[in-house]
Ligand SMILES: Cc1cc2nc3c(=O)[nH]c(=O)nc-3n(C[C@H](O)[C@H](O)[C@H](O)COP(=O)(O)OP(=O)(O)OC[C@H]3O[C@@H](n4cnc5c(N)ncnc54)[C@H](O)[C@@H]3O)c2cc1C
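This document opens with one chain alone, in structure tokens, the form predicted on its own.
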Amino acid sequence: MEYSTDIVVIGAGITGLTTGFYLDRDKQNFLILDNRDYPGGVIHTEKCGDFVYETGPNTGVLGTLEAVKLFEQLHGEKSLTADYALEKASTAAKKRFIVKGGKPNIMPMGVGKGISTKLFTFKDKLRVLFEPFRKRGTNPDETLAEFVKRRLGESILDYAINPFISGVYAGDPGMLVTKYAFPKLYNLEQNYGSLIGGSVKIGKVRKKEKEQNPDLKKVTRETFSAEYGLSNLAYGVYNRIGEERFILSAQKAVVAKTDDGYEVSFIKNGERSTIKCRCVVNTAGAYAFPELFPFVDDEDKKVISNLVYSGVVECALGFEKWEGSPLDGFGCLVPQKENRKILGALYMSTLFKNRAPKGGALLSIFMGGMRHLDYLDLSDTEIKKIVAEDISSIFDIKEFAPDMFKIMRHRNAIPQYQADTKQRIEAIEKIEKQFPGLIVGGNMIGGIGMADRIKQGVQLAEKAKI
């Protein structure tokens, strides 16, 4: 089959869906292509009896105005209200735990509680008090581990930053570059000379901005999902755009440059089809870039595809009756110093309604990451044994007998923004300049969080439209 359209969006994950949503709003002519048979990309929800679990991302954060506005527009569609509703996490989400000495300890929020916690050494608590008086860093490629040790201290790296990075990036703070992985943190020091002082000043600036633009008050940084799972968010956008705009189960997609634009070919149902267009928006991962765009210079493709991704083993555990220690928070993270094999656990049935039967529990357990990439090759039996040992010990479970145990392996889970990020950004800028109409997005740049992906989707739509 042959198609003709103005814009082709490659990837129907949250970035591609958002791009399509705003292209549709602006009455653009476009198609969205994806190799999966459902929208959402890695976002996918499954049901097993009374348990509702995610096979990919579990939550998002209302961290950008673009995310807030997308949800408002979706919820305002009367035709969608039966299928979609944003669900904010329970107030328990404010309590987060770090495992120390084998048991969960409350993660301190704020300087005051940081001084009283048992997680950090007395020496490093003093370092925090004197943090505003330290000099700015001068190395733009400084890793997060180096940054934190220099400004705050080693115990804070070990029992705050290390587990946090495992929870967000499944990464290693000794490999991530602060400037690219956490630009807000880097800019606090560079612009204000201090994390604490900069946070206070930024707070005042944001207060004024909210007074001038009341919509910014909606950027609450609350944790969210959708009622009955994140798939409902994906299908909410999908339904709003219209299924006629999607070509799903499109395998082996390849883009060719033509005299008047681009030609995208793919295989579906055993047949090779093509789409002629003037613009291609890529939201696929860096690992897919060389095969998608064979006409791009080999060196530029190499710079992009060399992006390191962490691999993650995700386990969904369902208990009809929970008999372990209370699950009264967001979840717990496990520092590398603790010598455990899991990275952490999310208390999904505490955060959101209708995820487990009454009196039961649903946990999402994470393993592997940059600490143990080899865990992706473990057998199901080996994974179950590791989870049983760590979960039983941490949560005081006498008999580990979950009623549901699902295992998901993600080999290209989360991109690691390391020292080569600058080269990657420059390569993308070069490619877009060299090939007008080719727009490169996806989580290889611009942040990994769901709100970051939505924000980028808005930007991609703006760049692609006529």
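Don't overthink the numbering: it's just position in the shown sequence, from 1. Given the structure is predicted, the values throughout are model-derived calculations rather than measurements.
Keep in mind that the form predicted in complex with the ligand is missing from the display, and what follows is about it.
In the predicted bound form, every residue of the candidate spot (G16, G60 and E314) has a heavy atom lying within 4.5 Å of the ligand. For the candidate set A181, A250, I304, C332, a heavy atom within 4.5 Å of the ligand in the predicted bound form is found for exactly one residue, namely A250. Contact check for I431: every heavy atom lies farther than 4.5 Å from the ligand in the predicted bound form.
Not displayed here, the ligand is approached by G449 to within 4.5 Å at the level of heavy atoms in the predicted bound form. Contact between P402 and the ligand in the predicted bound form is not found at the 4.5 Å heavy atom cutoff.
Although the partner is absent here, V280 is not a contact residue: none of its heavy atoms lies within 4.5 angstroms of the ligand in the predicted bound form.
Here the chain stands by itself, but in the predicted bound form one stretch of 393-401, 423-431, 65-73, 407-415, 407-415, has heavy atoms within 4.5 Å of the ligand. Contact residues in stretch 16-39 (any heavy atom within 4.5 Å of the ligand, taken in the predicted bound form) are G16, L33, D34, N35, R36.
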